[in-house]
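The chain below stands alone and is given in structure tokens; this is the form predicted on its own.
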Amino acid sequence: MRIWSLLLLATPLLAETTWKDVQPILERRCVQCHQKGEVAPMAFTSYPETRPFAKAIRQAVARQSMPPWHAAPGSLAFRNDRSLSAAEVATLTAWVEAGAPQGPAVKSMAPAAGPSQWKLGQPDRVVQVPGFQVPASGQLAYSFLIVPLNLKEDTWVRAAEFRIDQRQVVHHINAFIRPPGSSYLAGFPTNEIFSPTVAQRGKRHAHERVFDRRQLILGYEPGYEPMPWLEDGAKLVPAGSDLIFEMHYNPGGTPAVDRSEFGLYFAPAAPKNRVVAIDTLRDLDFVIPPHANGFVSQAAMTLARPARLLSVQPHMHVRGKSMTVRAVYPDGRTETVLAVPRYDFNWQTTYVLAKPIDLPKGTRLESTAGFDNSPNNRFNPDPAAAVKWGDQTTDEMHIAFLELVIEATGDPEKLFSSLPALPRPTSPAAAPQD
């Protein structure tokens, strides 16, 4: 009997799980948010900080609410996958069930770069929001800031990063490049914040090309994570371009002053590939009926040139319930790129493919979005409203933001043979919104 007992004690499966087993998992999966000054309400960078939340950790990993990752099985593989493996879940669960013991001393965890640091390193160029005054309450229109970059030659940007100042009130910030001669917000002042009307935002030259008007460099929403695009890929900033911030703030109960920053990382030379951001896989014409649960919106576009798909980001507001993005290939095959059955407005992840997929000429990209406008949706501001596309969180959107990869010398305007139809405005208030 004594020998049998010794064998049991020597079996690894029965060894007590302690902090030394848990710490590496938290360091890989959690501390980017769970550290002082970051978005999470508590820090997990040491045993004393983490121990009081042991049971909450077990509950969160059991229901798969943390770490926040909403891509369902059947989606493609993503290089920024935050989900826990079965082994990691088992280790965390065993630790909690053992009483969350500390065990032997281990070296302190090195926190990830905090909000006061640039996670990708010091940028080559930094642009700051010059103190946007956010009131305690009310509904704010989109605000804009135009900053001339004064670049004398075409410049390639290999990465970009937002450093958000007042996270609790920032709904989103989009950073656009406006090439010379663009109609986008033409005539508005530079280096000062202003709020144009929807009609002014939608104004454009006749027959103006999409990328001649503006190009999205990067967007920030809750769940944002900085990441370089490709080892040999970058986004193009034409000489003489301006940087334009599109900013949307949601007052949070107390006044705040936002001084968020945006950093650009320049490529040392022209790359082999060009990364282009696409926001035209969207449906602008939907109307969600009052009290409707399960309303479906469809969007599609077809490629006229081959490209590679780098990333997908679903975007809806608080009635958003689900989104699936598929590629329908010219040979008839259909591939699910991303399925998000439980969309979370508070975690708008950009899903970056582990390996960009080839999209031949003629590939049709489809997006299907589901919405819940019923009283059962606890985030629904008004189940009795018929809901259309609009800026505010009380309105809705259906966009699947895409990043596509083409040759550096390629023309992104020639990528599409069909695009979603834009609504024809009947009044300034109904003009297409950015």
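We number the residues from 1 along the sequence you see. Because the structure is a prediction, the values reported are computed rather than measured.
Omitted from view is the form predicted together with a small molecule, to which the following refers.
### Message
If the cut-off is 4.5 angstroms on heavy atoms, which of these, Ala175, Ala100, Leu230, Leu84, is the one near the small molecule in the predicted complex?
### Response
Answer to the contact question: Leu84.
### Message
Which residue, Pro356, Pro123, Gly223, Pro179, is the contact with the small molecule in the predicted complex, using a 4.5 Å heavy atom cutoff?
### Response
Spelling it out, the residue with a heavy atom inside the cut-off is Gly223.
### Task
Spot the stretch among 364-372, 394-402, 33-41, 377-385 with residues whose non-hydrogen atoms come within 4.5 Å of the small molecule in the predicted complex.
Selected stretch: 33-41.
### Task
Spell out, yes or no, whether the shortest heavy atom distance between Ser65 and the small molecule in the predicted complex is within 4.5 Å.
Looking in the predicted complex, residue contacts with the small molecule include Ser65, since a heavy atom lies within 4.5 Å.
### Message
Just checking whether Ala408 would be counted as a contact of the small molecule in the predicted complex - the rule being heavy atoms within 4.5 angstroms.
### Response
Ala408: no, not in contact with the small molecule in the predicted complex.
### Message
Residue-level question: is Trp347 within 4.5 Å of the small molecule in the predicted complex, judged on heavy atoms?
### Response
Although the small molecule is absent here, Trp347 would touch it in the predicted complex, with heavy atoms inside 4.5 Å.
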